[in-house]
Ligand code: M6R
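Shown next as structure tokens: one chain only, the form predicted alone.
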């Protein structure tokens, strides 16, 4: 969600700050601003709206080689220039940007108002500025530490003081920060993508750390002023992956990258010699894996629907009881941790607050927790006991697409590995490897027909509601298909099990409430056809995703999009693609901003 960028060095800061904010636009935001130490004092420029509007307000000749910038996703206060970051005191001695939530801000604000501080915004973040003004005695780092000692909540922050030019102080607790080390210059950001064009040398900040930067270097301490030695990591990539590469939107690009992203998730991990998968990052011995008696998968949003499908895969192949749970619920449920239970947490960004806090609660209780992440070096990837990188590549659009299918692929590999260590035969393992290896080509065949889905979307532009139905492993796909449609088109959609339709949702069915049915040739096809006929008996329109060659479906449904034949457990990898494209084309035809849909953020780092 909110993005932070800071710069200290010999170059003019303003263009670098704007560039960094642009590289973080995918995270979702509603206002933006920068502040830098310029001749004569702090130069503060901010606006409600997009970074483009901010850039137009920044003078081309604005001086200053040390500054901070921010994109805000509103939590406290309306979306307006007044509430945009950076925040300053009235005298403009201090400037601060903040990600996270200060939970005790109201009591602090009342106390500070009684002492005479005049607040200029409705935000919780401004209390940090007010604390700094009262605590500052010529040492910004010390004042930041004292201020943070009084707050409760989460933060990733960066601040400046006019009395200490060329200095940025940052701190982290529950919201990511990373230092970038350049040649005679330093960067600070909430996302290394913000500075990847200028440096590949980064230092990840941990909770409880305070970072002090100048152009010549940085130092890290804790709130008790103890020095912390940090290691430097190298980031691969050039940043070109975060460009549209000729596509009109990032979302379409990422949908169309799925043949490659699914292939990357499998590459080097399939063994025909053993008929199994090799997942070295689990950090568990074969004996430990065989002793697992139950699996619980924690996640949120799209990752939760991937977890639901993963449970079907694991139970079907490995015969291990598995459950998917919302991370936000587990954290506060005083979760039971049994000795033979293996936990997974899923987060594309590796920074999802609900999931990260659930991981920490489980680890406090002695659980073994593995992470499934896309972003190398993310907090969850570092704090988990082991895990699987899905290798989807940068996902810039807010609505997840390729990370969803890559996560499904990763869990199929895990399920195959666990199954082969138990009861699955070599022959069955090799057959599944053959099926998996064919998936990227099958996805490409779907993408080659994506204009058919554009025409289908055009046909249903009149619909204000959709019902999505699936059964078995395709039930999570119905939930995910409905989520994609509401996320980017703002059309109401609800997903449910086909079997549950008769227990309530059937009351919604009429000629103006179309249903999308995931109806491949699998063990539940006959049951699904019965549900389809129940809808048609009530004048409902049906769009079916069916297996190629299933002509009976063509005679029953109003519209059909065919997917290639596949082993039953692999159908979600194929069905996901037309569901994504249908939502995408509907949203585009309605004029929506599919990459940055309203009110949403890519990396949800607040509870």
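Numbering follows the first chain given and starts at 1. Computed from a predicted structure; not experimentally measured.
There is another form of the same protein, the form predicted together with the named molecule; it is not shown, and what comes next is about it.
**Q** Candidate spot 300, 352 and 484, all three in 4.5 Å heavy atom range of the named molecule in the model of the complex?
**A** Each of the three qualifies.
**Q** Ok, 71, 99, 400, 379: which has a heavy atom sitting within 4.5 Å of the named molecule in the model of the complex?
**A** Result of the distance check: 400.
**Q** Exactly one of 158, 310, 516, 346 has a non-hydrogen atom within 4.5 Å of the named molecule in the model of the complex; which residue is it?
**A** That would be 346.
**Q** Would you mind picking out the stretch of 113-121, 484-492, 204-212, 89-97 that comes within 4.5 angstroms of the named molecule in the model of the complex, counting non-hydrogen atoms?
**A** Going by heavy atoms within 4.5 Å, the stretch is 484-492.
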